[in-house]
Structures are given as C-alpha cells and as structure tokens.
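Have a look below at one chain only, the form predicted alone, in structure tokens format.
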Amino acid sequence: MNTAVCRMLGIDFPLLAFSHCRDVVAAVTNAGGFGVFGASALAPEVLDRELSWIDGHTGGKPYGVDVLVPGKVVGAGMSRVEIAALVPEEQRTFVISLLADRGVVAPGAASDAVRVGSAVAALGSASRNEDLLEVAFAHPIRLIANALGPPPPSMLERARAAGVPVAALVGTRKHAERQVAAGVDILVAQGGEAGGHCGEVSTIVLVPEVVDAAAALAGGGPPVPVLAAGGIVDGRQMAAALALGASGVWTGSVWLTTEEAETPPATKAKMLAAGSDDTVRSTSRTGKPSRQLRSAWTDAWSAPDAPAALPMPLQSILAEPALRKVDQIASSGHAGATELSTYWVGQGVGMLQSVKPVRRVVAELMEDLAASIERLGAITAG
C-alpha cells in the first residue's frame, strides 16, 4: 500500500502494533507490519537489553518505541524511594485489605509487598523517563511515540537530529491541534474504545475530526498523517479507518491474546471469554482514566467508600506491585487472584476468540482488508 505513513516509515502495510512484549514487536515487524515497543515501565538497562534483542531478531526491518514522557508528574526530581514515600497510608491500607479479602496474601505480607515494591516500581518516573529516551535513540528505531500530551522539546530535538518521526496520541480535535503546533509528524487518533489511556470520543467520530484538523492546519501543504486507534482488531475495521481518511492504524489489544504475548495466562483466558462490554475506563491503575478489563480490582476502586486514585506516578507505584503479585498467584488457579486480575484492553476484546500466532493475525488483517476493499468496489461498481 502507498499511504503517507507507509512512505514515512518505509513499510508496505500501514499496520502499527503497540506491545510491551518484545516478541510481539519483532513478530509483527517480520510479518510486514510495524512493531512499537512500549518502554515506559522499564528501567533503562532493561530497555537497552530488550531493544538489542529486537535489533537482533528483525534483520534491519523498521520498528518504533513508545516512551511515556508526561509534561508534569508528582515528585519530579525526587529519588524513587522518596517518590514511593509520597503514597498515603489510606491508599496503602486499601490495597492491603483488597488483597487480603481475596486471600491473595496475609495482611502483614501484603503490607510488606506494597512498601518494598513501591520503591522499585517508580521506575523512570522521577526523571520523567528522559533516561529512556537516551536508550531508545541509541538503537536504530524508526519512530518514537509519546502517549500523554505534546512531546517535550527534548524528545523532538533528539528525534529531529536522528531523523526519526515523532508520533503522539490524541483523544480530541483540540489535542490534535496542540500536537501539530508542537511539531509532531504523526497523529494517532485514539478513540474511547481503546485499551490503555483514552478519552471519551469514539473512534468513528474522532478520526475524521482529527483528519480535518490536520488538513486545516497544513496551510496548503501535506497534512500531518493520521493513524486510527481504538477497538481495531480486524481488517474490516482497518478498511473503515482508511475510508475515514486515516493513513493507517495503531493497534494494541489484538496482540494480547497471541501466542507470543506475555499476557498472564489467567488474564489471557479472561480476555478470550470477555465481551466488548467487559472493559471499563478506570483510574485504578495509573491515576488517569485508562480502559482495562473489568475485575474485582476495578470494581473496588469505583466503590463509594474507596479512596481517591492518586496522581501519576503514585497510583502506578501503589498498583503495579500488587497487580504483579495477583498475576503470579492467579497463574496457579487461585480464585481470588483471578477475580482481581486485570490488564489494559480495548472494547475490541469481544472479537478476540482464540489464541493465534502473530504472523497469522497480520495475515488475516491483510486478507480481511483486501476483501473489504473489494466488497466496497463491487458496491460502487454496481
């Protein structure tokens, strides 16, 4: 195919696949798509190791990196231990009780897990993940993406120097206008159906709005290309996105149930059994609304007597150690842990019915897209 994004990234099929799993990223890239590695939850030395692995398994084919660099975080400039100490006792006690009520751990053990894990789980947030940018640009990446707000000048400057396009996610037309003004190269119009951080506007409404905004701001030149995101898990939806003016698609949830995905087994099973109405936008994992699989964890945090979710990165510092422990215990079939287990996933989860290898998913997307275009051609010809 020949879209603006294809030309910009040097690919033949405008399918971008976001994943925290290096195996998925490499497999999508090798199958003809463009893998994007989610790096924000990694320490710099771990990211370097993961990207080196991808470099060695993609044979020079292009891939990208997504690094969440928020414009403002609580505790900026503080050490990781100092940031962990900012988590209030009320929220810690709430998590301890939630884990203990489901028999995941004894109250004392839960307290230790939350406290010890918190200091480690701050990750790169103390430096706003600037250290991760250093690592990313040391590898032959072909795209850098930022998922929250306009990318900081440091990201744009480094990307320009390296000749790497910058992508940014947007959830409204106003967001798109700010991103274009900031100088991004690709807009990812992510509708409310999407897993992870998302707004409330649906993909089918948002994409043409963002496409029109990009065209209006182009001043007669080529507009910033737009990728459609949110609920897209098959080729029919990809065809719809192209019909709406998108230059390709940004996908995530469809890879969570693949053979290569590192999704915890209990969570993967819950996803395969889930319907499109089994997800919820919740602040319970990061402090910002993000769509995830509904579970006893998300229900507890939305209850009337629940404490307020904390601002970034404090909620993640609190939640991630607890949820990692939940996943570990759920893998053994523990009922209480399985009830609590959750992960970011979009409403397209209702269309995911079986575990498949990544290569087959990419092939089916290609085949379904071609069939959809042919069907539309037959309608217009008739």
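One rule holds for the numbers: they count along the sequence shown, beginning at 1. Keep in mind the model is a prediction, meaning the values are calculated, not measured.
Keep in mind that the form predicted in complex with a small molecule is missing from the display, and what follows is about it.
Asker: Would residue 227 sit within 4.5 Å of the small molecule in the predicted bound form, counting heavy atoms only?
Answerer: Because no heavy atom of residue 227 falls inside 4.5 Å of the small molecule in the predicted bound form, the answer is no.
Asker: My question is simply whether residue 206 lines the interface with the small molecule in the predicted bound form - judged by any non-hydrogen atom within 4.5 Å.
Answerer: Contact check for residue 206: no, nothing within 4.5 Å of the small molecule in the predicted bound form.
Asker: Does the small molecule get within 4.5 angstroms of any non-hydrogen atom of residue 58 in the predicted bound form?
Answerer: So residue 58 does not count as contacting the small molecule.
Asker: So, residue 20 and the small molecule: in the predicted bound form, are they within 4.5 Å at any heavy atom pair?
Answerer: Contact check for residue 20: yes, within 4.5 Å of the small molecule in the predicted bound form.
Asker: If contact means any heavy atom within 4.5 Å, which of 305 to 313, 217 to 225, 244 to 252, 272 to 280 contacts the small molecule in the predicted bound form?
Answerer: Only one stretch passes the 4.5 Å heavy-atom test: 244 to 252.
Asker: Which one, 147, 266, 261, 78, lies within 4.5 Å of the small molecule in the predicted bound form by heavy atoms?
Answerer: Spelling it out, the residue with a heavy atom inside the cut-off is 147.
Asker: Using heavy atoms and a 4.5 Å cut-off, decide whether 40, 190 and 195 all contact the small molecule in the predicted bound form.
Answerer: Answer is yes for this spot.
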